[in-house]
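Taking the form predicted alone, here's one chain by itself in structure tokens.
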Amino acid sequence: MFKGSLRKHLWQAMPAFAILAAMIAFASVFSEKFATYANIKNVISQSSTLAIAAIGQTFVLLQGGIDLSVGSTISLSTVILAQVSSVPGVGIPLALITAVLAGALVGLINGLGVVRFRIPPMIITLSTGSLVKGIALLIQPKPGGNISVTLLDILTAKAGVLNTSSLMALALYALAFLTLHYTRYGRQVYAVGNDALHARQSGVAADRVVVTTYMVSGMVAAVAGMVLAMRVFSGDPLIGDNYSMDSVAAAVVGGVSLIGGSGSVLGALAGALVLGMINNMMNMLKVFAYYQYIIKGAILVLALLVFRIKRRARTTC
């Protein structure tokens, strides 16, 4: 069914799906509460925000970058929705459009910083994230605001264990998968991630590809913020802080290379669900929350070591 590089990228996501299956089996055996309808719905709902954020992060990682402004963009999106969505007449469309455009602008700044001023991706996105966080705090210094009831009703409508937000996440994954694996642009993203110099020599507009991946990441982060705002029913200028590294961890667990050019967005979905399962299992087992940070950090350290070893082996062959 799948051939060539697509099969290779999908194969790299298989370990994440295997880990997810093992975790589901383990949790089902050792916790009676896990397999309940309410808990499954809770896991899916809690994982939706991270799953969406991981889509944009995957685009950036595949071209060889990283986006540490994702969390701040998510926070800004919740604040925009809380401040604008309840305005009579134009609140909902204005809030949605403003949030997405704000995310696109953050991505544009990140992309231009990387390609025009040659600022390392980690530095520019960390700096931009700090700037965006400051703007969010300036607009709304503490959690609160009023999310439009109409918007809440739309994005929290249920269809079994799924809701509108979960279905939106699945639709975005389908779109991202088709874009990355079946379009010219997707092939260019992989080409730039594998070797930007050769990609340029082959006629690929590498700088444009880099900028657009950061813009995708910013816009998708804004959508993730919308989903998160629907879950907490308010805006919060700091609520997205954890999602920058979590989105990287989700993609890496799903087999996306930290050095670019390898992996599939479907792996990021599995990675997001794995992290969601870790949080859920720890909560059920009453494990202190800070152990979650230790586990996620350990995952990233191990992934960095694995990819470093692979890169060294590839260069010495």
Partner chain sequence: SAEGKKIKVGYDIYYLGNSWSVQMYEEFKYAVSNTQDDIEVIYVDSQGDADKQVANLEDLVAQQVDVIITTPWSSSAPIPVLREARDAGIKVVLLASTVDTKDYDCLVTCDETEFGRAGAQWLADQLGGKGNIICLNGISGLSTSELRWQGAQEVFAKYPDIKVLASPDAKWDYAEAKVVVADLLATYPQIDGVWSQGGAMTLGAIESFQAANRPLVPMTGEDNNGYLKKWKELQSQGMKGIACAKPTWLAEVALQKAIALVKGEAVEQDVIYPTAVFSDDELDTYVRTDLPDDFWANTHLPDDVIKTIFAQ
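C-alpha atoms forming the largest set that superposes within 1.5 Å between two forms make up the rigid core. Numbering follows the first chain given and starts at 1. From a predicted model like this one, the values you see are computed outputs, not experimental measurements.
The next section is about a form of this same protein that is not shown, the form predicted together with the partner chain.
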Check your understanding: Using heavy atoms and a 4.5 Å limit, would one call residue 30 a contact residue for the partner chain in the predicted bound form?
Key -> no
Point to revise | Any non-hydrogen atom of residue 234 within 4.5 angstroms of the partner chain in the predicted bound form | key: yes
Exercise for review: Although the partner chain is absent from this view, report whether residue 80 comes within 4.5 Å of it in the predicted bound form, heavy atoms only.
Suggested key: no
Practice item. Answer yes if any heavy atom of residue 210 is within 4.5 Å of a heavy atom of the partner chain in the predicted bound form; otherwise answer no. Key: no
Check your understanding: Using a 4.5 Å cut on heavy atoms, which of 172, 239, 104, 151 is close to the partner chain in the predicted bound form?
Key -> 239
Revision key, fill the gap. Partner contact check in the predicted bound form: of 90-98, 212-220, 135-143, 164-172, the stretch with a heavy atom within 4.5 Å of the partner chain is 135-143
Check your understanding: Along 277-301, which positions have a non-hydrogen atom within 4.5 Å of the partner chain in the predicted bound form?
Key -> 279, 280, 283, 284, 286, 288, 289, 290, 292, 293
Review point. Once you line up the core, how about residue 292: does its CA shift reach 2 Å between this form and the one not shown?
Key: yes
Point to revise | CA-CA separation of residue 31 and residue 297, closer or farther in the predicted bound form than in the form shown [shift of 3 angstroms or more] | key: closer
Point to revise | Direction of Cα pair change residue 28-residue 295 in the predicted bound form, magnitude 3 angstroms or more | key: closer
